[in-house]
Each structure stands twice: as C-alpha cells, then as structure tokens.
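Next comes just one chain, in structure tokens: the form predicted on its own.
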C-alpha cells in the first residue's frame, strides 16, 4: 500500500444555481498516477482548482502528507509542493524560455544560473529545451515542455496535468509518458485529467470518476476498457457513431494554390494550399498546433480574404467574399477559440445564437432581431446537443468549456449548410458529447454537405474522415484516403518528415 500523499475528504463547492462538487472524497498515493474522469460539467476543474488554491471549498478538508492542507492561493500550493500544468498555456511569446520560466518562480535565480538549471533538468527528464529560444518560435509540444520544466524546477510532490496531450503528436505523447513514468518512479504523484481514455488505460494506476459533482466510482484503468470507463462517466450505454451511406456528389469546396500571410503574431502563413471537398465527403486535416490551422479556418470562413478564384464554394469564386457573404453562399465555420472568436462570452446563449444564425436561419425582420425565432433556435440547439445550462438566458462564459463547445458546434451544424469547416470540434468535450458531435457531423455529410474537420485528435479524424491530410508549417500534404493509413505514417507527416508528398495543385 502506497503512503497517502493527498487525501480529499467531503469537499463541496456551490455557485449560484450549481452544485459543482458534492461530498467529494478520494486519495492519491506517493508516486501514483491517478486519473480524474468525468463528463463536461462533472466538477473536475472546480476540484483541481481547490487543490491548487484557485478556489476555496465551502466544506470538507484536505490533508497533504498527513498535515491539514488549505491553500489560499496558488503560491501557497506551490510552496507545499503542488504544481499544475494547465490545458491552455500561460506563456509570453515575445519572451524566451528562461524568461518565461523565471516569471513562474517566486525567487528566480540569476538568469545564467536558471538557464543552466533548465538545460540540466530538461535533459534529465528527456524534454530538451534551449533556454534562449523565443517561445513564439516553439512548437506546441515544446511550449508544453516549458510549462512542465517550470513545474519540475519547484520539485513538486504532486503534479496536476489538465488535458496534457491535446496538442501533441503521437511521438510527443510517447516522450511525455516516459517523463511522467520517470517522475512517478521518483515519488512524484500525478493527478491526470484527460478525455482520451486509451491514454488513461496506458498511463494511470487508478481512476476516480465524477458525475454531476459527485464521486460515482473508482477503477483500475488497466483492468477496464475505454468503453466501460466512458459509461461510468456518463451513466449510460454508449453507441459508437454510425456512418450512413452517402454518395459523393459534385465538388462544393475547392481551394487552389492558396497563399495567405498570417494576421496572427507568431502565426504560420499558408503556402500553396490546395484541396477539394465533394458533397457527402469529410476531409480530415491533422497537424500539431501552430502549423496554420487557425489561418486555414480564417481563409475558408472569409475572415482572411484572397484572390476570388483561390476559394470556390459550389463552383462560385468566393476568395474575396467576407464571412457573411460566404454564409449566404452556404459555408459555415466554427473556430477553435470558443471564448472571444466563436462566442461573445458576456452575451447570452440567445444572443450568441443570433450572431452567426442571423443569415441562414432568418433571425431578423426588417432590420430588427426576431427574438421569438432566435430564442427558439437557441432552445433547439440546447435540446438537440444536450447543453447543460439553466436556460437560454445564461451568459456563454457561465457554461463549462465542453457545454459551450456543444452549443457552438450545434449552432453551425443546424443551419442547413452546404459546406462545414470546424477547427477542433470536440476540444475539451467528454466521450458521450464527442460521440454526439461526431455523429452530427457524419449526419450532415450523409445529407449532402461537404465537411472539413481540422483536429489534433487523430482518433477523431480517423473515425469521421473519408480523406486525410496534414498541415505542416503552413503547407498541406496531398489528401489521401483514410483507409490504409497507419498511426506511424500520420505521426511522421505531422512532424514534417522529409519525403512526404505536399499538394501544390488540386488532384485531377
């Protein structure tokens, strides 16, 4: 029996109208890799925020190494030996690695000494980093290394990791897992949050499952299937997405030799991107974060314009059209950034439904918003996509990340589009919701839409796609049929392996 490092006993937390955590109890042993599982809104984020000192519990207590533990802020948690790597990186792109690491330390040593420590620790744990490199020039995997090394320099006894593999290639996931196993063998406990259940089964020693704020069970992931874990999370039997027979029709989206300078600081410009998508077809586009995915969505949605003939929608030249004109032409788009780009966080769900649904759902009359129709549209999305919310009046930012994602994807899919472009459709979404979103995408394709899915989740792309391509440094490989592709081939394509064919022209 391992020594107990952290004991959580009867922890509870309430917000107006929401019981986020209710009598939560579990233990983590020294050196244990412990998974925290649950669907969106189950209370995982609130729980780890209380462990890390970002949120104060209403009741219950925590014990760390046998002593009462109640951090009032993250600084106190770090001083007690608790560190956290967040899902969204908190790094300054205009600073170098050493400067970013120093910002996360209470009393950083002189920069030369810190640089030497970064080199030493990063090499010791198989995560090599150059302290002098600018963060803006780093890949997503390298940026995550900065976050991890910043934590390791604090010599943590408990490391909390929130969705750590969502932006990594398969090869980078392997490197991360070797590092985490090394930390575990040295006595560091790891609290691991992920919706990728096969990873949980590979890495974790134990799992605590939350549902609607309560602990509903525990499991040994190595003795459970991914489906069993998922069904414990949602409390229901899951059915895999079903691909309905669909004949490919005419080309509804054509992109030819598209070049576009990135408007994003430290972004990646698009270089000679070419592909076609037919009715009933799903094109999956993979790539490590930061290789032009955001720019590609901007160029397809109309936020980033080009010469007219570089983008064609249903045969019509559309490269010079803006987002509203492209929506009228039949193209809808859902960007990755749900806070600020896909949604207005402080506006209600009804108002957010209007923002992109106005044109295709006819939500205005004579220049005035048709509020009954807009509310009905919002309610339709909430019901169809099981969005957990007290009502359509709630502000977008009040929803959990996964529930907001379901609302935003549903908003686009329910506009009867001819072309759908989605970046990261199931980002931060639980297994049941991810399956529902993927099924909805397949249903729209079966109804005759052409779909482009940009995702860093390879399992997702292999499940929904007919054709597969990879973005690397702004260039797109020639789309290939999904059938016959191996994970190793895909990983090499994502890493920019030499010799991989890049499409400069649309296939005949």
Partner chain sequence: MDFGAINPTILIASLMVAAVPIMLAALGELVVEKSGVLNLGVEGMMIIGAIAGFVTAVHTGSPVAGFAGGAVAGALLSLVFAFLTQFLLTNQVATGLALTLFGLGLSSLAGQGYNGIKPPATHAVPFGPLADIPFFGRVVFGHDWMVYASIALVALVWWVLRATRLGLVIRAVGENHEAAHSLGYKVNRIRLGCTVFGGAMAGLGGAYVSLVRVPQWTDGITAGAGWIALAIVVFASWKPWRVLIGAYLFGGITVLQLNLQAAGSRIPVEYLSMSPYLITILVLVIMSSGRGRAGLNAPAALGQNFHASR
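Residue numbers count along the first chain shown, from 1. These figures come from a predicted structure and were not determined experimentally.
There is another form of this protein, the form predicted in complex with the partner chain, and it is not shown here; the text below is about that form.
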Problem set entry | Within 4.5 Å of the partner chain in the model of the complex, all of 75, 106 and 111 (non-hydrogen atom) | yes
For this session: Please run the contact check for residue 372 against the partner chain in the model of the complex: heavy atoms, 4.5 angstroms, yes or no?
Result: no
Exercise. Would residue 49 count as a contact of the partner chain in the model of the complex, using a 4.5 angstroms cut-off between non-hydrogen atoms?
Worked result: yes
Problem set entry | Contact test in the model of the complex: residue 259 vs the partner chain, heavy atoms, 4.5 Å | no
For this session: Would you check, heavy atoms only and a 4.5 Å threshold, whether residue 99 touches the partner chain in the model of the complex?
Result: yes
Exercise. Pick from 91, 121, 80, 234: which residue has any heavy atom within 4.5 angstroms of the partner chain in the model of the complex?
Worked result: 91
For this session: Just give me the single entry in 388, 157, 201, 150 that has a non-hydrogen atom within 4.5 angstroms of the partner chain in the model of the complex.
Result: 150
Exercise. Can you say which of 442-450, 464-472, 49-57, 28-36 gets within 4.5 Å of the partner chain in the model of the complex, counting heavy atoms only?
Worked result: 49-57
